[in-house]
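Before any questions on binding or motion, here is one chain by itself as structure tokens, the form predicted alone.
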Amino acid sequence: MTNTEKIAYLYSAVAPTEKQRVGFVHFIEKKYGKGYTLEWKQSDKYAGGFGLLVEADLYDWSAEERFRQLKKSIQGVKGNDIITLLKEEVSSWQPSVVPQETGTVLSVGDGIAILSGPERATFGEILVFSSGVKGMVLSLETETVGCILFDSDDSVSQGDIAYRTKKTAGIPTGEGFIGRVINALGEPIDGLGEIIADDYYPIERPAPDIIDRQPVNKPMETGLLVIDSMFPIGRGQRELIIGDRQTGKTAIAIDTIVNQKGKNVICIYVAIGQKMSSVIRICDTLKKYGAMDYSIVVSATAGEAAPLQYVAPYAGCALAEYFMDKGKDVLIIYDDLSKHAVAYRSLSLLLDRSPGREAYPGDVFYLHSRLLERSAHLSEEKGGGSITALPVVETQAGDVSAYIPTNIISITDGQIYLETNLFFAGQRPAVNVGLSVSRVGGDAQTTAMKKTSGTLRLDLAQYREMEAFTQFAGDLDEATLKRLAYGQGLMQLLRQDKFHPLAMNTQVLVLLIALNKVIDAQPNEFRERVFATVRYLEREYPQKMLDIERSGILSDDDKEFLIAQAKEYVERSYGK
């Protein structure tokens, strides 16, 4: 065979006759030019038909392909006399042989298939293998295409053919997904039956343009006093939850979901690389507190293949974008992105990409930036919907300067840092007030919260500084002891049980009483007395509480009135 000769492959159950062979050669020369050698390969798949592979084009005349064409042609048939319409459609139907762009599997393993072709495949395109397994193109090399598989690689073997679909990966979306648990491909895994989709969204979409956004200025309340008062989260914001393992990161995320009850917010929880038992426990918690009625759980557990863990957060974001485009507010939790980065690292190394820092590929920053940048508060012209993202990242021994944590810190609009020492000391949520920050700040707070929480961070900072200093001091004066006792009381006040969020007006009253020093008590009594006073005010002045909750405003007159009533109650109840 000379260098100019090329090979075309003919697949069929029986060898072609000489006349058929001449006909195929004539067709190839007419369409692709001369210089081709026709090579026959026996294949039972093409019984009663044939398959002709020329370069990257496959002409499929198998019974299976003809049945697929017939099925597609009658899918749109509707009407009262359906039988007659079907007969007419079938009688007039003519199967056609059209070239399909294909590639051949060179090697497969660990959820990765390396193919020769398709030559015109694009990044992120879905390929369908001859066994029916679907995959997504993740690597385009000079001679080969790297594809991740969305199912077991047992049914894909060397020599199999993969077909181009010319479609990017996507997920079905719709109202029917609310209250359901799905996998990364949008398939239900909760045993509650099929989900009827309203639309189909690509999992990768460009982030909204700047001109299509509006400022983040509406609060997304977590119900946690320590966060809503000092590190407020706004609708459309990206706030990172970061800390070591078992420090309460997921608890904060679930608390925030529970707190959205009755606030017209769709919540999406994406579990990446977690144990299935953990996902089941979270679903049970959401059901227990009635949060599953407005939530969707997307699960890609540790037992699933790395490609599904890689796709899961993008699938969750596509679901969120469907509701945002409808003008709704969405809260999405990515739990957690450090495991997502590990899954991507595994895929990249299997695809022979050059490893960089900590063996992550060079584009790992882009992996998360293109995901989190899709969170936005759309302009009113675009419907005014929003996606608020709370990504979770796990640190090792409190090292926030590691590669993935620093990447995501630079992408997000602030972080809530959970400290191990605080957690084991009983301070829960274990939020480190010094290292946590919200770059949106007071813009995402109601006027009432902004007015009452003003000095809290300063008071806590002074307490931490004084506490560190007094470790080396001997006798302390009365003013210092009083300041320390007040700081300890504030820390006690910021403790909160899981799944018991506080309403905004309750938080306002707590801060109003605590920061105006209405109560002067020992730290172990401080919290109890503050909440007793709050319950009294809520019971005696329900209309004022309702006004604060609805308007988010606390007037100066109401502030002075409530402080006076609180002081009177404290003097009457505690004598001071």
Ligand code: ATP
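So that there is no doubt, residue numbering starts at 1 and follows the sequence shown. None of these values were measured; they are calculated from a predicted model.
Separately, the form predicted in complex with this ligand exists; it is not shown, and the next lines address it.
Interface residue among Y163, F423, Y403, Y200 relative to this ligand in the model of the complex, by the heavy atom within 4.5 Å criterion: F423. Of the listed positions (D497, E141, E380, D293), a single one reaches within 4.5 angstroms of this ligand by any non-hydrogen atom in the model of the complex, namely D497. Of the stretches 370-378, 167-175, 244-252, 118-126, only 244-252 has residues with a heavy atom within 4.5 Å of this ligand in the model of the complex. Although the partner is absent here, R428 is a contact residue: one of its heavy atoms lies within 4.5 angstroms of this ligand in the model of the complex. Put simply, E394 is close to this ligand in the model of the complex: some heavy atom of it is within 4.5 Å.
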